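The chain below stands alone and is given in structure tokens; this is the form predicted alone.
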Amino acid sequence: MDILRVEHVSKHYAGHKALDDVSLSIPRGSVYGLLGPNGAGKTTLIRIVNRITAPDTGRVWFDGHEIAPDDVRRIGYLPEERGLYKKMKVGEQALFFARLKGLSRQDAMLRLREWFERFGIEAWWNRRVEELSKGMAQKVQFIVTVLHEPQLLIFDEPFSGFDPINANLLKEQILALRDRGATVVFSTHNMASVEELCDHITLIDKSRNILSGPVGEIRRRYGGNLFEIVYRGDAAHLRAALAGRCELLPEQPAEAGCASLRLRVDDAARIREVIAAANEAVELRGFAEVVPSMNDVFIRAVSGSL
């Protein structure tokens, strides 16, 4: 069952169409990537889901019913524009936000201490926010976003400001939250993180949803039937054996005594034939489909070349 469903949502500002008939469904318990170039409409859609603004047309459904004001308490939102009060102490501010989310002081303190230790910032509890680095402030905001254990978590560019070590720590925590039953949506330009974390994605470009689906399926769908042969033997002999069976691409650099050749097989029924012919011509060491990265898919989709 989907935890969130967006149906034909459009939003206009003065002279600008931010969203144009956007629909998508987010499966419960998934990590969902909301992708797109700058200005595509991602943040507008996130703000509509959080009821910060309303759509001009269309509807948003949450947990089986049309989203209502009370549902916002069941959503955790970390916006791209960070907002901590610089003169307050870190622990005091975290406790303030926790109480706003409905936690008692006792529960809030227990959870905050645990999260501060997990992120290694417990020594900063009594320091002012203005003394924090960008990455440390980001950790505090992440903590207050997830502290009340909402069903749906929405992160807008969550890895901004993190070094690789802390980015990995954040990824581990996102997956742990999913494993504990939360659904996670995050907007990012980091395609490597999408491949690591996301089960499904939606790609928005020029205010429209141009691509949606499971990450693995999308990558395979746009692979173009591209394969790679790793072999030992005579390259000319291999090419002669494969001529007419598939499209041969330029030779790849050799590694560890092996050479590799990429080829495109338009008819899937001929894959076995291609493998058999290659095996007869050379010492075949490997044959695998070349699946494009999400970065390749993103660039091709936005440029209109998919």
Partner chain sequence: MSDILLIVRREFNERVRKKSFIFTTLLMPLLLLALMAAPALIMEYAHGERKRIAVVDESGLVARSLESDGELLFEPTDLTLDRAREELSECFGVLFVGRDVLADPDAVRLYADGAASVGLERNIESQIARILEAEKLKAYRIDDLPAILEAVKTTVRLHTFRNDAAETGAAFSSTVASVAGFVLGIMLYMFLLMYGMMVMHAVIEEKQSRVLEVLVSSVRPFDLMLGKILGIAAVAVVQVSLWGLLAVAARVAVVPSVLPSELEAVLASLDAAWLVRIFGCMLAYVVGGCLFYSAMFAAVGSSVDSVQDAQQLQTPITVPIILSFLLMMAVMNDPDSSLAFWCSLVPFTSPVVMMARIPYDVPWWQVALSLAILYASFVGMVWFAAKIYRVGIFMYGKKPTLRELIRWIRYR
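These figures come from a predicted structure and were not determined experimentally. Positions refer to the first chain, counted from 1.
Below, we refer to the form predicted together with the partner chain, which is not included among the displayed structures.
Taking heavy atoms only, is R47 within 4.5 angstroms of the partner chain in the predicted bound form?
Answer yes; at least one heavy atom of R47 falls within 4.5 Å of the partner chain in the predicted bound form.
For G83, is any heavy atom within 4.5 Å of the partner chain in the predicted bound form, or not?
It does: once the partner chain is placed as it appears in the predicted bound form, G83 has a heavy atom within 4.5 Å of it.
Given that the partner chain is not shown alongside this chain, does Y222 nevertheless sit within 4.5 Å of it in the predicted bound form, heavy atom to heavy atom?
Although the partner chain is absent here, Y222 would stay clear of it in the predicted bound form, with no heavy atoms inside 4.5 Å.
Decide whether F96 counts as a contact residue for the partner chain in the predicted bound form under a heavy atom distance cut-off of 4.5 Å.
Judged by the heavy-atom cut-off of 4.5 Å, F96 is in contact with the partner chain in the predicted bound form.
Stretch in contact, per heavy atom within 4.5 angstroms of the partner chain in the predicted bound form, of 52-60, 26-34, 260-268, 236-244:
Going by heavy atoms within 4.5 Å, the stretch is 52-60.
In the predicted bound form, which of the listed residues (A192, L100, L110, L175) lies with a heavy atom within 4.5 Å of the partner chain?
Selected residue: L100.
Under a 4.5 angstroms heavy atom criterion, identify the one residue in L226, I210, L169, V72 near the partner chain in the predicted bound form.
If I apply the 4.5 Å criterion carefully, the residue I get is V72.
Taking the partner chain in the predicted bound form, which residues of 187-214 have any heavy atom within 4.5 Å of it?
Nothing in the stretch sits within 4.5 Å of the partner.
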